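Given as structure tokens, the chain that follows is alone and in the form predicted alone.
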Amino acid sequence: MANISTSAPEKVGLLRVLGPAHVWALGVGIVLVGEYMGWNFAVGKGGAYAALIACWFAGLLYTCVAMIDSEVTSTVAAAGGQYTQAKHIVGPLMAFNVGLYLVFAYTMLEAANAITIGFLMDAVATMTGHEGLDQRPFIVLAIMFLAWLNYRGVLATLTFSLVITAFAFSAVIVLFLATAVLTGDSPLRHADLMTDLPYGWVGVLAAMHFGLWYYLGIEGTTQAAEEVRSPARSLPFGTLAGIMTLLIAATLTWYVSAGLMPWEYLGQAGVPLFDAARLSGSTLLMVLLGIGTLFATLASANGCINDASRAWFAMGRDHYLPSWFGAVHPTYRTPFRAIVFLVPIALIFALGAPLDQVITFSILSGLLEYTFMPINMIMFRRKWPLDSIKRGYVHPFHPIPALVLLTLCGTTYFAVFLGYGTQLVAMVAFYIVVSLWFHFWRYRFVNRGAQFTMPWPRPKGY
């Protein structure tokens, strides 16, 4: 009688092919578009000085985020990022909500990027005498192309992001050097354009809302945890190098833009760095920053598709969502169903919602996620002290970063409420409703015993 094999088929998983440079490209690539557009709405809220203060306080907030993420993710190295952290450390209801925060933050950011690409194409067409360009085909084409790229494989996707992100960051440096350092008669006119705080310190507080846009998405480096070759080395290095890159880019962006445009115009500009290049009087800079704006938006949308799909995939794999979403493509080794499913959601918002509203929904979802992180970090250190499990990175000064992050999150909630109170209430109500749905219906499908995949000892005190 022939032998019949009863072994289970080989389980197809994600490929570990990424290095620290890809992690840097994922984090900075998602965020750098914030230097090319969106941050300047903070100027409209409180003036140029208020935007600078918001830039540095938001930088402090995200430095705390990067430090906390580097420790926890280098230890919990699995797809899903903060969702997976919450699943292991806090509990299923928190994990479900954090997973949704991630998906909505990145999908809304992807939609904002697509809107910006359409706006940029329209601006270029207007400059060449072709007014009234239909932006919608460019929006659809950008999202569909990047979704196809993500579908085909993570290495090609993030290598593409690495190249165009490096170009976009270099363009910011070149613009600063050309306008502030290398020219004898600098076009920057800070003394003429800078004013006091037009709305006082309330304006500074309100500016914190869009101050987050300088850095929103750096926490997305955690989504690569299951696809990097050495999580303990690559994740902390890529994340911390990324936040340092963004702090430099954000400060230089503010300096050049505030020196070339009055705050009244800067506060409502669609593509401020491109406008700054045009006002510099250099055709070469205008072309360079036009390409840089396009590359920054493409890199950001590309990273957003990568991160949102990983979070959605991880939730499907754990049965928090239908397990159909937890499939991996047998050839490309990507979460292909999650990628395809999220495309129409991004298109709906990109084609049907104004840019500031889309940005606000992304910021609010991100802000809810950041509020969870201090709680997660404190519980992580209490349940598994430093000597109980091996960590790839240990962030210093605990619990100060967690407490600072919690304080800055509370301040930013108030800032958002000042201008977008209705959206804030609607978003919180939405998450309460889906939490009830998960608790009373979806949780019955979750296999609690199969969720905990980390080889850790029993938590202290349990």
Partner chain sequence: MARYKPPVQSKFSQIIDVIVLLVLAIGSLYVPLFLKLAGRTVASVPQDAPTWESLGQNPVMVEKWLQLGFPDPASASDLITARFDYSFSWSSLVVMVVVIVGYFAMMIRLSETEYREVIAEKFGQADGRL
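Just so we're clear, the structure is a prediction, and the values are computed from it rather than from any experiment. Numbering follows the first chain given and starts at 1.
Another form exists, predicted together with the partner chain; not displayed. Remarks below refer to it.
- Residue-level contacts in the model of the complex: of Leu403, Leu60, Val394, Leu418, one residue has a heavy atom within 4.5 Å of the partner chain, and it is Leu418.
- Comment: the partner chain is not present in this chain, but in the model of the complex one of Thr283, Ser170, Gln268, Ser388 has a heavy atom within 4.5 Å of it, namely Gln268.
- Partner proximity in the model of the complex, defined as non-hydrogen atoms within 4.5 angstroms of the partner chain, places exactly one of 301 to 309, 101 to 109, 172 to 180, 215 to 223 at the interface: 101 to 109.
- At least one heavy atom of Lys383 is located within 4.5 Å of the partner chain in the model of the complex.
- At a distance threshold of 4.5 angstroms between non-hydrogen atoms, Leu246 is out of contact with the partner chain in the model of the complex.
- Although the partner is absent from this view, Ala156 stays clear of the partner chain in the model of the complex, with no non-hydrogen atom inside 4.5 angstroms.
- The partner chain in the model of the complex comes within 4.5 Å of no heavy atom belonging to Leu162.
- In the model of the complex, the residues of 438 to 454 lying within 4.5 Å of the partner chain by at least one heavy atom are, in order, Phe438, His439, Trp441, Arg442, Tyr443, Arg444, Phe445, Val446, Asn447, Arg448, Gly449, Gln451, Phe452.
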